[in-house]
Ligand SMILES: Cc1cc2nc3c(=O)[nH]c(=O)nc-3n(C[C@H](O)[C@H](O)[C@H](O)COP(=O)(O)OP(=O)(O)OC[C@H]3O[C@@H](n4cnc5c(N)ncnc54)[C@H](O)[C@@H]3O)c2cc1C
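Here we start with a single chain on its own, the form predicted on its own, put down as structure tokens.
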């Protein structure tokens, strides 16, 4: 075990948001110890797949817009500091039936913040991008500022710069338990021993229910939680959803799918059912259904059915491509499984623990969180050090779930 066993802040989980949190804390001169049960960036969690969408006219609500705008600034700063290319602007077109709540949300966010956007008819979409085949009943909204993030490179950059700023990062070292002291401070145990800190940030993605459950409550704190079940005295209505990513080799017109020619594109092909795509950055044309997965245990091992993509799943994805983007439906060249950590309203959880204020819960996930990671690192660092942040995160409070109120 490292001789360094005491920190200002311990960060548990070093994926998208944990790596960014460790970076922001270390950059502020704080003593940071970070843990991850694997060796990030890795393919066991929620922050892999070679490409992630970043967009600003946010269909989930205008409250997200200032945070993703700040994230855009911070991703560019991270590029300059790391010397890595992390963000590529491609534009993005969202398509669906007239009256789609998702498209209405994009228009609402764009209008509220004066973001550039262009409503389009199906005919206009087909004319501009002949490989796209929206049906006559579909409309679209094009956003020129959309783009792609490269998650493995983003995480590596945050971790590298965090370590250079003094963060003590432990990989292949899982958190076994944590205990918050009534008078302040926390103790964390791993297979290698015990560590203490003034604050603890939990950014463990799909393992959040299990890690909260590893918390050790005193009898007094348990009474404060008023009978809440397990999970450190806190019950959160989280669902871990299996998400499958696919890559196809275009069957025809390969140049049309290169980043210079192909925007991010999403298709609401039935009410509430959609798939999304990204350009071919060298690994194939990426496509995935969104929020159409089954429940999953995050500890499912490599090679298990949960982590294996079946030929039937590839065929189902190909069928959607053949209908709407037929030139993309060539050879299936790869697939991966990751996980969404869903809340009932699909908004994030970013808040102080309601019983232990020295513990920060960072779950900016719900299937649309990676793009925010650069800004969420800043926000979670603020919460850990000051208990508050200048960013408006009221939408993400723990107390909106009745079972979590103490």
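Residue numbers count along the first chain shown, from 1. A quick note: this is a predicted structure, and the numbers were derived from the prediction, not measured.
A second form of this protein, the form predicted in complex with this ligand, is not displayed here; the remarks below concern that form.
- Judged by heavy atoms within 4.5 Å of this ligand in the predicted bound form, the contact stretch among the candidates 115-123, 319-327, 240-248, 180-188 is 240-248.
- Though this ligand is absent from this view, in the predicted bound form it lies within 4.5 Å of a heavy atom of just one residue from 207, 257, 132, 142, which is 207.
- For the options 150, 269, 276, 281, the residue carrying a heavy atom within 4.5 angstroms of this ligand in the predicted bound form is 276.
- Taking the partner from elsewhere, residue 364 is found to have a heavy atom lying within 4.5 Å of this ligand in the predicted bound form.
- At the 4.5 Å threshold, heavy atoms of residue 371 reach this ligand in the predicted bound form.
- Under a 4.5 angstroms non-hydrogen atom cutoff, this ligand in the predicted bound form lacks residue 56 among its neighbouring residues.
- Although the partner is absent here, residue 173 sits close enough that one of its heavy atoms falls within 4.5 Å of this ligand in the predicted bound form.
- In the predicted bound form, the residues of 16-43 lying within 4.5 Å of this ligand by at least one heavy atom are, in order, 16, 17, 18, 35, 36, 37, 38, 40, 42.
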